[in-house]
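Only one chain is included here, represented as structure tokens and corresponding to the form predicted on its own.
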């Protein structure tokens, strides 16, 4: 069993798990220049809220490590948000001919709150299939992707926005330390999201969006960016 650390309001093993499995070391990076920012552990507060005020949605090097039986906490622990399942009411909404279907909030969502999980089939990315619904895994099991093309949930409808109000974050989550560790991804709100507002993420880096190549972005009226073609 992993050593637990006394952090604030509970015994939390997430810090030691992060240090052992995910923190960057000189030996773990083939080329440090490939990573924009060092890996960062995101920790919810007592209300289960993440501080995402300075969140860089371009970098994928962030992870949440949820509590497990190693912590000795209850099922209602605020550091078990993904394990507790989706609580926010969401609705799939047809936006228009250009954007197609999107996902909207059916109740207010506060900044830093857990929204839902990106669900699908965990696969090794292959060039001979449509990657439109792939969500790459960079930390928990690098080189894999969650594909929601044939099997997924509401999260597959989250649309792109150059100024998004939510972000996907890799999540190390299992109830018992003896359970298999399956790559999972949580969706968290970057800012307050009002009832009826579209829940959005940023699909691409700012460099790619500003390249002037690809499909004209229609995330908002007059958006100057372009979405790269797959």
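Every value quoted in this text rests on a predicted model; they were computed, and no experiment measured them. Numbering follows the first chain given and starts at 1.
The protein also exists as the form predicted in complex with a small molecule; that form is not presented, and the subsequent description refers to it.
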4.5 Å heavy atom contact, residue 79 and the small molecule in the model of the complex: no
Close approach of residue 100 to the small molecule in the model of the complex, 4.5 Å, heavy atom: yes
Residue 159, heavy atom within 4.5 angstroms of the small molecule in the model of the complex: yes
Contact flag, residue 216 vs the small molecule in the model of the complex, heavy atom cut 4.5 Å: yes
Listed range touching the small molecule, judged in the model of the complex by heavy atoms within 4.5 Å, from 128-136, 83-91, 109-117, 70-78: 128-136
